[in-house]
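Form predicted on its own, single chain, as structure tokens, below.
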Amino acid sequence: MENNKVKVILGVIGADCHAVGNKILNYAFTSAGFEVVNLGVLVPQEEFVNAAIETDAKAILVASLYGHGEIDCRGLRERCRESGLGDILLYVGGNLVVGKTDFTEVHKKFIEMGYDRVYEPGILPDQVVIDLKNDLGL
């Protein structure tokens, strides 16, 4: 039997080991009908890219909760392009920067880094699922 579910890559980038949100997102996307390849925590950029290539994923969903997302996430779009994944959807969310930076500035930085969607802390998984379905034309 062929599996027609859309595959997505999920993980917590860099040196971040916050696992609870990752498990919640995994559940939300699986329940919404996606096939989730959950890389877990402490995931380097290369692992996101390699997993997307190996599984023919349509999106990479990156979480960062320890405040260093700006550092850990920089360059991921370029890695995707270099690997032939230039059009893959890139989503990022969490506590992406250290300190109390206005989210409008954070959003702008990550969009400029090539992310398609940027989510602030406290966003409900349901909204991310809706956005992904819309962006994929599902």
Partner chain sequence: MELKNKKWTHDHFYGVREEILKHWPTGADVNFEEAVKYHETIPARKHFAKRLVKAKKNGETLTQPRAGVALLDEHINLLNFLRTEGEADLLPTTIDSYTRQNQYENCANAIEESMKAGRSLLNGFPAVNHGVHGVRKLVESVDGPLQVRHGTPDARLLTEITLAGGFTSYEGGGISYNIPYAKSVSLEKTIYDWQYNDRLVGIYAEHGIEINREPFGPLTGTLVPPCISHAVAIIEGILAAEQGVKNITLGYGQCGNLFQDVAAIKALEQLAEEYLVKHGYSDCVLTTVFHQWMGGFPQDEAKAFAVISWGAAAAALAKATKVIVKTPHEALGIPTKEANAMGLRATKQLINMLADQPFPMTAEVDIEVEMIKAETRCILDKVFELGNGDFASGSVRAFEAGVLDVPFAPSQYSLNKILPARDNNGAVRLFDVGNLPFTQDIIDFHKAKIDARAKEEGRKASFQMVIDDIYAISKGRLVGRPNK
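Bear in mind the structure is a predicted one, so any value in this text is a computation, not a measurement. Residue numbers count along the first chain shown, from 1.
Just so it is clear, the following notes concern the form predicted together with its partner chain, a form of the same protein that is not shown.
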query: Touches its partner chain in the predicted bound form: residue 111 (any heavy atom, 4.5 Å); finding: no
query: Contact flag, residue 17 vs its partner chain in the predicted bound form, heavy atom cut 4.5 Å; finding: yes
query: Proximity of residue 85 to its partner chain in the predicted bound form, heavy atoms at 4.5 Å; finding: no
query: Contact label in the predicted bound form: residue 130 to its partner chain, heavy atom within 4.5 Å; finding: no
query: Every residue of 23, 39 and 95 near its partner chain in the predicted bound form, heavy atom within 4.5 Å; finding: yes
query: The single option of 79, 68, 58, 107 touching its partner chain in the predicted bound form, heavy atom within 4.5 Å; finding: 68
query: Residues from 108 to 125 in contact with its partner chain (non-hydrogen atom within 4.5 Å) in the predicted bound form; finding: 109, 121, 122, 124, 125
